[in-house]
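Just one chain is shown here, as structure tokens, and it is the form predicted alone.
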Amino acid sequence: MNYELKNIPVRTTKPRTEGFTMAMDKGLSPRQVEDFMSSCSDYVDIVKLGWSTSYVTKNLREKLDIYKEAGVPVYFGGTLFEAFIVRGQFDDYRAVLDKYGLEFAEVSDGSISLNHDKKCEYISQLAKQVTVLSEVGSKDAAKIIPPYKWIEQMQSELDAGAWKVIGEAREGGNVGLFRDSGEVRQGLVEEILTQIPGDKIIWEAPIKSQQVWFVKLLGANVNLGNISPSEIIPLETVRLGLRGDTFDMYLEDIKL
């Protein structure tokens, strides 16, 4: 940090398994990625190229090389996995991971109907090739998954070989973990945490109010995802109690 402040929470350092920040790249140019990494690489643990954007992104390999040089791994969004699966192209998907030298992959079923045992089978197969992140939750706002089902699916996907599970929210933060208003489904989150260790979950939380809610519930080192590149440094200040929303979290021992 640039100067010293007292009563700042201890942040985990890279390579992190807790306090993990996943950034969402929705189509940055190589030059934008260079700028992004020059200011934020210390605070970004992994980058997702959102949904299927990697299919149409120009200079894809150049982008991946810039992230790699900054020490930040990249993976393609789960919707791309689903696009291959629904077309019967699983082996082609695996070949794409090898072609671009990716070390992570996301397995999801938010846009397709996929038997859960089959999803776990895909996780197990991919886990022999890459580190797997699996996403739980639907992108369909009308499809409400009860808490016990979230817990069952998260646990079985971890058992199948997923490194971490992702709580679905989309880039808009208005499905899955959240109501269509963006409000957190608090009871769902708290029930999940009774059975699944917090360090095994990445909570998608693209909206500041959602990030604040999770930091207040679980502290500075909560795992958060789908963070816009422009919101990485603002999120870090939220984690550290250096933004108005969390300003009082770590000041109990200070007397004016």
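Note that the coordinates shown come from a computational prediction; the quantities given were computed from them, not determined experimentally. Note that residue numbering follows the sequence shown and begins at 1.
Just so it is clear, the following notes concern the form predicted in complex with another copy of the chain, a form of the same protein that is not shown.
Of Q155, Q89, Q186, Q129, which one comes within 4.5 Å of another copy of the chain in the model of the complex, counting heavy atoms only? After the contact test, the surviving option is Q89.
Would N221 show up as a contact with another copy of the chain in the model of the complex if we use heavy atoms at 4.5 Å? N221 lies outside the contact set for another copy of the chain.
W51, heavy atom within 4.5 angstroms of another copy of the chain in the model of the complex: Yes.
Are any of the heavy atoms in E18 no more than 4.5 Å from a heavy atom of another copy of the chain in the model of the complex? Although another copy of the chain is absent here, E18 would stay clear of it in the model of the complex, with no heavy atoms inside 4.5 Å.
My question is simply whether L217 lines the interface with another copy of the chain in the model of the complex - judged by any non-hydrogen atom within 4.5 Å. L217: no contact with another copy of the chain in the model of the complex.
Interface stretch in the model of the complex with another copy of the chain - options 91-99, 130-138, 161-169, 145-153, non-hydrogen atom within 4.5 Å: In short, 91-99.
Taking another copy of the chain in the model of the complex, which residues of 76-106 have any heavy atom within 4.5 Å of it? Contacting residues: F76, T79, L80, E82, A83, F84, I85, V86, R87, Q89, V96, K99, Y100.
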